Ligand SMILES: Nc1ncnc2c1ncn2[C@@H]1O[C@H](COP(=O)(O)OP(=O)(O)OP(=O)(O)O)[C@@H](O)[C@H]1O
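So this first bit is one chain, no partners, the form predicted on its own, shown in structure tokens.
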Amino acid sequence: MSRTGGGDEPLLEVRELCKYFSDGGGLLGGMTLDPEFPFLKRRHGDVRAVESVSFDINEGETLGLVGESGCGKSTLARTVLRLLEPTSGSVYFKGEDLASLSGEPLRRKRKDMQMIFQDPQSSLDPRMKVGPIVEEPMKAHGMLDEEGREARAKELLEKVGLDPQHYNRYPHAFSGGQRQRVNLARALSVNPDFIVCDEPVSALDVSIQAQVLNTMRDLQEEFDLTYLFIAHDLSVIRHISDRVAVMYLGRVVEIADKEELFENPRHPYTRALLDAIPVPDPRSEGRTALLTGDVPSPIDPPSGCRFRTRCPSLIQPAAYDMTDPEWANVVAFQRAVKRRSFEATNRTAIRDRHFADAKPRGEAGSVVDEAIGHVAAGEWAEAERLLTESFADRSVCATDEPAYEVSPTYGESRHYAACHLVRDDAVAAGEETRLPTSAGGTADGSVVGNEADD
């Protein structure tokens, strides 16, 4: 499938969308564990579930949205549909800002925007038969009479691959794949233009996933539907999407045409996700870009590039002149100290463990020696502070927020990557290296950059 969108104007435009949640609720709200006394600390602030996200989706197009669990994909979907109130930003659907709507106008607009949820069981009322479930949206929007709704429900059940005779069955009588088809029929019942698919096949067996995806693709062409398709599985995204957006810790870090993103990924996080796709070949040499470390808290996300605390390609500060092996050892040591992932013994053992093959000299070497001394003395927090302030916080990845546009290798649509590693390519391509607005699409489905403050 290689559609590029059916219209010149985007059906959906998301601009600088943010969704924050309060972290102060409950007795233990905002409490975190700390390795030092008093061990429990209360952290104040908002959970930045979605921050400064922008993109466009053209008519007839499928934009795939992928990322790890907890990165904000589902929150973004619900905020786009106004199931959650946005903290700031705009969502334009057919040129109308949904944030300005409320009450009856918003309810009428939702007729054109539907959602398919992840769990096919919990999203269906077990007390209702399948027929009334499919008819319920039509009834809510005053569509057709009772006889007309029944006829349309049976027609849609057939369209999604079920028997119209299933009209009088309860959801428990169906398999997971069949229940998801019921959800699809319900979403189609009000003739929507846009459907948000929130991991609609993640709860299904692999063989059933392919059947449901093929049905969704056929229905998209028949009914001229536009999809925002959310998944954590890039194999699924590749099967159904036209363009792909990669999300990490509440922000879009890369967006490009499907072929461009899969064949020419520019962000280290995207490469790590692609490397995690299982390869059914026993001769494969294995994965090379597996991620380590924990995802930072969305209450206090890292400055600059949010992926920098786990990035395998953190850029060395300009103040130092270390070789690549030396810098790699410094980064690995700093992260190991932060995680307390090794046993502190004596200076020599720590130095041999982390810098046996390459130890920096000069100012960088002095900082490392001082940090090793702190660790040997059991002063982990002091060592962590010294290493972080001297190295990690001085990298351009920490001081500047990345937003670059590079020339694509496959196709002609623009390619956005929020990573400083591509800055030289962006300059060589004759593009602006710092772009004025958030990562998203223009009217032709292309991508613009991000200059929001962290």
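Given the structure is predicted, the values throughout are model-derived calculations rather than measurements. Quick note: we count residues from 1 along the sequence shown, nothing fancier.
The protein also exists as the form predicted together with the ligand; that form is not presented, and the subsequent description refers to it.
Of the residues Q209, Q178, S123, S74, just one reaches the ligand in the predicted bound form with a heavy atom at 4.5 Å or closer; this is S74. This chain appears without its partner; in the predicted bound form, the one residue of L63, L387, A49, A426 with a heavy atom within 4.5 Å of the ligand is A49. Not one of G95, F194 and E221 is positioned with any heavy atom within 4.5 Å of the ligand in the predicted bound form.
Proximity to the ligand in the predicted bound form, taken as heavy atoms within 4.5 Å, picks out 74-82 from the listed stretches 210-218, 318-326, 100-108, 74-82. At the 4.5 Å threshold, heavy atoms of E68 reach the ligand in the predicted bound form. Contact check for E199: a non-hydrogen atom falls within 4.5 Å of the ligand in the predicted bound form. Contacts of stretch 79-98 with the ligand in the predicted bound form, defined by any heavy atom lying within 4.5 Å, are made by none of its residues.
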